[in-house]
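For reference, the chain that follows is the form predicted on its own, supplied as structure tokens.
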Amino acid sequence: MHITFCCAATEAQPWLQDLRAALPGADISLWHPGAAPADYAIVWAPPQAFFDQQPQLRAAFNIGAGVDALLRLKISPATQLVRLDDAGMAVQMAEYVCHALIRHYRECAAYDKHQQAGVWNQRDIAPRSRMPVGIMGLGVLGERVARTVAQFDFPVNGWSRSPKSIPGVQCFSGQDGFNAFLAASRVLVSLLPATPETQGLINRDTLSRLMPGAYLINVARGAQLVEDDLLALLDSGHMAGAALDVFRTEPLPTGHPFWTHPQITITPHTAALTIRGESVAQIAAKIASLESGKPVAGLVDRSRGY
């Protein structure tokens, strides 16, 4: 069994070392143009040339949460695309969202200014009932975020394309439930995959349907947000602020208004990073299942985009 590794901007040797330890019977190598055909591939942002030269692959394992970059490439239908189920990303996403939510709810930005000014001033705490949180996307990551937010006693709404049932979460689904979901939420969290349907979904109309004084947390994909619409609604007062981890152009360009906007907090696409050890263990288990003819979780439905 031959496995090839092709992951852009990733230090390969630690991955190769761990993969060889987890799959001692496999021939595992770093891909290069003209490399021998492989049975399986581990990839992140590979070039088109990789799949052009490896049409015989049985499966390609994507080591990040999003598969949108893969779906833009021409890949043989015979090659199964496989997502990691979690690999340590769900808990990171939950802690990031809860940190952003609680920082906003407890008005920590105001306390930062008080500290800088040497002012001792306690602020009232609003009832949590006034801060319903809407989670868009209830997959593995979204469900973990929704359950974790609910542990802090915030009302939690969830929206997904197909119906879901999560204890402690009021679930909405489909286009028919979308506007009702927005109207019931003051904080909007996006965990949706990148698809043609979700591009530009967070726009003036969507954000305007949230409760007044709304707050946005985007940890999905930057292309989902119409940036000028957010800025306009911040200026109008309808939006109270935003915590953004993803952007249409990454790195965020110098001089972009998000860098200095007083109501926007940004981080460099770091809400949930792939943990190598957990990823390797999961990939090894999935390869063993495929080799024995057993089904595996995380198969990408190319028609749906995730």
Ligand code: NDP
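All values reported here derive from a predicted model rather than from experimental measurement. Numbering starts at 1 and follows the sequence shown.
The form predicted together with the ligand exists for this protein as well; it is not shown, and the discussion that follows is about that form.
Contact with the ligand in the predicted complex, judged by any heavy atom within 4.5 Å, is made by just one of L216, M89, V156, V82: M89. Of the candidates A243, L57, V43, V246, V246 is the one whose heavy atoms come within 4.5 Å of the ligand in the predicted complex; the others do not. Contact with the ligand in the predicted complex, defined as a heavy atom within 4.5 Å, is made by all three of A220, H269 and A272.
Heavy atoms within 4.5 Å of the ligand in the predicted complex map, among the stretches 112-120, 130-138, 71-79, 226-234, onto 130-138 alone. The closest heavy atom approach of S162 to the ligand in the predicted complex falls within 4.5 Å.
T206 falls outside the set of residues with a heavy atom inside 4.5 Å of the ligand in the predicted complex. In the predicted complex, H2 stays away from the ligand, with no heavy atom inside 4.5 Å. Taking non-hydrogen atoms only, A65 approaches the ligand to within 4.5 angstroms in the predicted complex. Contacts between 1-26 and the ligand, taken as any heavy atom within 4.5 Å in the predicted complex, involve no residue at all.
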